[in-house]
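Presented below, as structure tokens, is a lone chain in the form predicted alone.
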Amino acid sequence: MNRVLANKKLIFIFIFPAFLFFSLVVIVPILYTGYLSTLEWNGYSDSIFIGFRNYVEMFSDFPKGFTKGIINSGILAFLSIFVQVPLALILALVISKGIKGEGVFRTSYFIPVIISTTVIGQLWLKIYQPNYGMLNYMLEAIGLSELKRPWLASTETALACTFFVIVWQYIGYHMLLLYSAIKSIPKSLFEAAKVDGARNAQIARFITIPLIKPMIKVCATFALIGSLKTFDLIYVLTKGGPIHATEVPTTIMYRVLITENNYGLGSAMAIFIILECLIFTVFIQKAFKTENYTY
């Protein structure tokens, strides 16, 4: 095995088919989408080359509201990184302490991740339903009837209600990643800190969190990318409404591509989303400095 791993030519022969396949299913479609973004085309008539006009139209002030969608996805990205990941970290720190029912808590928080997003959306539609929904029912039961409202039908609450579900669904995912990272830290480090008189908060701040920084970086990256390309849950809950209040770039791209058959403009939006994800990923990689530790 060592001789095989030392033979770089042989390694190249093994890797190249996978690279070729990856290029065919990922890179080539992206390049083709980039080409489509320079066309005015409805999918069946003759296409017209228009250069970067679709990109100019994408950011111009027109009814599709792409700029508002970018702002909304930015809000979701902020919530995902600065609310979702910290909450997951707190849960991971608490559960990894070996509390009673550790396995039950760990599994319970992870359950929303394994449920289909469509099912999650249907469940929360019933919670937010204005007439028989659980949320309005609970508000009425505790004497707060004045707060009852059509949560997903109001432009004032639809965005917050939709983003709350998205943030809630993936807390368990990040919690499990961080929990696994914490469990990989040798117990002797914690025991030595306790012998020196360190309290739990000090152990978390000066030992646990610095040692799991690489995993926190991974979670922040996943949270950011997931928020920038989110689509399914928003589509199930609101379809981007009411009055474009919950639109994000992906829902607008879907409408432009599938409903309006504007393949050129829709492809330009797809290229923008890809570039947005790549640029912010590189930014996190540069901004989030981590060190590798060996135990």
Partner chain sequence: MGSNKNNRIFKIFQYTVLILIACVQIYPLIWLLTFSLKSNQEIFGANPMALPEKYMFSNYSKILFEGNLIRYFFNSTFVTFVSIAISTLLSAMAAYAIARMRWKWKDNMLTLFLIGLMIPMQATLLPLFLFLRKTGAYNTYFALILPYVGFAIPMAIYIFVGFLKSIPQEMEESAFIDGANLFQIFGRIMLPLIKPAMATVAIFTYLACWNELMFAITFISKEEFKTLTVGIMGMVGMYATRWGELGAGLVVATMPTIIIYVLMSKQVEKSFTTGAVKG
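Values in this document were obtained by computation on a predicted structure and should not be read as measured data. Positions refer to the first chain, counted from 1. Between two forms, the rigid core is the largest collection of C-alphas that superpose within 1.5 Å.
Separately, the form predicted together with its partner chain exists; it is not shown, and the next lines address it.
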>> in the predicted complex, does every one of 83, 147 and 159 come within 4.5 Å of its partner chain, counting any heavy atom?
In response: no
>> For the interface check, one of 175-183, 147-155, 69-77, 202-210 should have non-hydrogen atoms within 4.5 Å of its partner chain in the predicted complex; which one?
In response: 175-183
> Taking 4.5 angstroms as the cut-off for heavy atoms, does residue 30 touch its partner chain in the predicted complex?
Replying inline: yes
>> So in the predicted complex, is its partner chain close enough to residue 187 to count as touching (4.5 Å, heavy atoms)?
In response: no
>> I'd like to know whether residue 55 contacts its partner chain in the predicted complex, with contact meaning heavy atoms within 4.5 angstroms.
In response: no
>> Can you tell me if residue 254 lies within 4.5 angstroms of its partner chain in the predicted complex, counting non-hydrogen atoms only?
In response: yes
> Within 145-172, which residues have a heavy atom closer than or equal to 4.5 Å from its partner chain in the predicted complex?
Replying inline: 164, 168, 171
> Honestly, after the rigid core fit, is residue 25 moving at least 2 Å at Cα between this form and the one not shown?
Replying inline: yes
> After a core superposition, would you say residue 11 shifts its C-alpha by at least 2 Å between this form and the one not shown?
Replying inline: yes
